[in-house]
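Same chain, two forms, each on its own as structure tokens: structure 1, then structure 2.
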Structure 1
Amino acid sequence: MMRTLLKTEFYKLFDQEPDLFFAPGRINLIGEHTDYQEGLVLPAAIPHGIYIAIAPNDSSQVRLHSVDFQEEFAFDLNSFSPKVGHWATYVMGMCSQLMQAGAKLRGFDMAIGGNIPVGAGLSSSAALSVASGLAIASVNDLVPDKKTLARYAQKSEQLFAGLNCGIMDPYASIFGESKSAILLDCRDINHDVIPIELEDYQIILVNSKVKHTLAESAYNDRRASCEESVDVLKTSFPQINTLRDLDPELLPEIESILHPDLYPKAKHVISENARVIQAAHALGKGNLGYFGDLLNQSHKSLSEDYEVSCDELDFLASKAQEMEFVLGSRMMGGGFGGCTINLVKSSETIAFEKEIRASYKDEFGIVPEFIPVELSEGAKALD
């Protein structure tokens, strides 16, 4: 078990007993590419995450050890800067955020380990930031509120890791609840808890095992096109601040205003926001069939309108949607690789995995990874 391994490694390295903390990764049930237009998302925490062991030391030094990479890193709290692309950057970023808020940190020793599948798009970086923030705050007798910690984690990734990310990932990691999703409003940063009973169905992620290189540039392009659409549409809808403020019923009029290159992107964001609300209502009422239909609609929109899917994700979603025991399937995350999220009848999971594995390997020569997930609680100190 990770916590036992961490404690053992920590004691061997630093010769003292640590405190333990955990922050989960997240899935996003629906609501893709809506967050940076102040939209709605429906994420949930999962059991996979980042574990941290920590204890203060009597210096200004921070000594880090990664169990997963079997690598050590150290820096001084009086002088440090980002090491972009390195796992230690996320710890440094959280130190920076706490210090900018006025905290006088003391040095500490930290061991880090996790069980989030690599490259699956389950927000391991946000989990690392959140777990680090909780741990560092604790050994310095600080108690930041949950929303503040989520904002620190977001700013840490933006300023130290250079990722222009939204609030969803750290927020879900912090506020997750068992057997529930979080209906998060990315404008006012408030949420409702949506209890979910999946009955005889299960959520299974299928990791495509690919990540195409145009993901980052495409993300920036899509974000820019949304902002350009808002600027154009303000002439006809002066009250809007983002695409979040537009209703799907207005799409015919919007299509007549926007350039053909812009309209499909705006259409996705506007319709996806509506799907999030519909999904929350469907799940709240136990209508899994309608929720599954919304997953399928979301994938079609992400693939055809927003154009952030890829051949591998389209293949996985299409194959799953053809199965009578699958209620819905879509790509999850930023796109161009990563996972699909699938709602599969529990009694048919072996058949689902067997058929997807064989067909995907035949088509692409890749063996996919299957990740069953439960909806779990958020970040916490461990006993």
Structure 2
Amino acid sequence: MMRTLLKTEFYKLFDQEPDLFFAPGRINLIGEHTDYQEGLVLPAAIPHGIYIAIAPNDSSQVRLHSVDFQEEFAFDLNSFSPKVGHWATYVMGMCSQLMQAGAKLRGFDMAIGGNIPVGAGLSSSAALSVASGLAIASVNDLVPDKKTLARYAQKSEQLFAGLNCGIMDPYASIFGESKSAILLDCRDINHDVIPIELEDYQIILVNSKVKHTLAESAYNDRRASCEESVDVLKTSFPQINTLRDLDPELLPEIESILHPDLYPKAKHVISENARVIQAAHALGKGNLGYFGDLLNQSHKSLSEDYEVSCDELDFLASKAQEMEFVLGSRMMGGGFGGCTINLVKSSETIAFEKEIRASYKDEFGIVPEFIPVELSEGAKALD
């Protein structure tokens, strides 16, 4: 559907036959705000994502068309700079990364479309970066290896969108596998594929439909506070590079060292990292009940210690956690809005949606969106 639409619009605008690429968004089962402290994360790619049609043009111009926004944007490869807040900045950032790595890029025409809700914490920006990276590399006969592409996308988002993000989102978009999650170690940037068998449960995202404006500055602040904690803790634990290097048993000692403002943030990262390991074990043994408990613990830690939740997400998570047919629920992604991830008994999804819809609407006057997700493949060229 999206492929046909994209091809038709591309042909109408640029009068050429394009090549097509797709990169998915991601969910994260557990391991939130750990990636930029070299921690562990357990994301998975989803079927929703960004589609790109591309063909070279014989100039130094890049001409972009967004099907979803019905907007155009053009820039010259010889002179461009970040356009923070604009969708085109992610394409510019990827051009910049490839050029910095030594590529001499040709101009190109590109149409972009997607079926991933923007601002819902499903990493539409990573999907756009990865899809455009694949597409631009391809029209320039470049074949960056997958990890390099993930690093380019991360750097691009840092430099061209101002978010000091970790590597999880583009990595999951690139390496995702069907019916599996990716246990990614952000220290050595390697992953294990974890097959996910949910038996009679399913993953349903609930989109709160809010995105509070402090999200990006708070994200960068949290990251900075972790770095500050590491600097302080290095005097007592000289061998550490990041919070990843500290075990939960050390928390009492860490508490006695860190300023009371810093400690809860460090505690979140250290305990969340341990939860990822426990979650991978629980999933491996088919212990969904314990996995659900870990989701709930993760939410509490993100909300109370890391302080990246908001009233809407707290409400959605706690309502879901009260339901006997929900094994676990937590906010997902950077925070301050976006989605909760919920493990819901398949036979009860209608009841789940009905109850959450009514109570959320009652409390906030917003109708939430329900997004059931399957775990899917990573980015690829399309026929």
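Along the sequence of structure 1, residues get numbers from 1 upward. Basically, rigid core = biggest C-alpha set you can superpose within 1.5 Å across the two forms. None of the values given here were measured: they were computed from a predicted structure.
Note: the form predicted in complex with alpha-D-galactopyranose (GLA) is the second of the two, structure 2.
Positional change of Glu72 between structures 1 and 2 stays under 2 Å at the C-alpha, relative to the superposed core. Here Met99 does not count as shifted, since its C-alpha moves by less than 2 Å between structures 1 and 2 after the core is aligned.
With the core held fixed, the Cα of Val230 is displaced between structures 1 and 2 by 2 Å or more. If you overlay the core, the Cα of Pro252 moves by 2.6 Å between structures 1 and 2.
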